[in-house]
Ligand code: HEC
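Take a look at this single chain in structure tokens; it is the form predicted on its own.
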């Protein structure tokens, strides 16, 4: 009940240090895909909730100033990551006194984050466009809160749904072949046909084409991108290359 009340009062928020609104509205296919996800019981084996055990701070050098050798020598003596806020402030003061320029970054930590399943804990805003919300409670497979970032290729998602072991050899996920049509190849192959490895391909003269439900489910999975800092789950994004 408390979770329902909390989510019921949530509205779109603003990404920290940005004018972007979060979460963005899903496409029509992704919205329909949520229901395909529900109908196929995906929440029985997957969660959509990243846990976080705390935050640390990292001191990041942004400029060596006029005495770069002195700054370099100082950096070799300091611990720059895994710090408390107080320790990070003290390190930053030392580097600044030597002429360097620094930033203090917020770094979420936890087992789920170490697994690469997310960059911060899940918050109510992540589920604003979900009805129903499907947090899940069993991880027979990995958490999916950030799967649209980890596996952003729609073709990969479709291959994984049809033949999971074709893209992840050790996958225990069952095949969802009934979301696809195996049909005879016409005068020209379908542009939507899957490019499957030989061990998983249809018989000669046939091709595998995703049904609308498969495309919708893939679109939903691609929409799961809980990877921006928000007020109640801040972090410092890595610098863009």
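Residue numbers count along the first chain shown, from 1. Since we're looking at a predicted model, the values are computed, not measured.
Only in words, not in the display: the form predicted together with the ligand, which the text now covers.
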{"item": "4.5 angstroms heavy atom contact with the ligand in the predicted complex for residue 141", "value": "yes"}
{"item": "Touches the ligand in the predicted complex: residue 180 (any heavy atom, 4.5 Å)", "value": "no"}
{"item": "Touches the ligand in the predicted complex: residue 121 (any heavy atom, 4.5 Å)", "value": "no"}
{"item": "The ligand contact in the predicted complex: residue 147, any heavy atom under 4.5 Å", "value": "yes"}
{"item": "Every residue of 45, 156 and 221 near the ligand in the predicted complex, heavy atom within 4.5 Å", "value": "yes"}
{"item": "In the predicted complex, the residue from 40, 56, 31, 52 that sits within 4.5 Å of the ligand by heavy atoms", "value": "40"}
{"item": "Heavy atom within 4.5 Å of the ligand in the predicted complex - residue from 60, 209, 173, 202", "value": "173"}
{"item": "Which of 77-85, 95-103, 121-129, 162-170 sits within 4.5 Å of the ligand in the predicted complex, heavy atom basis", "value": "162-170"}
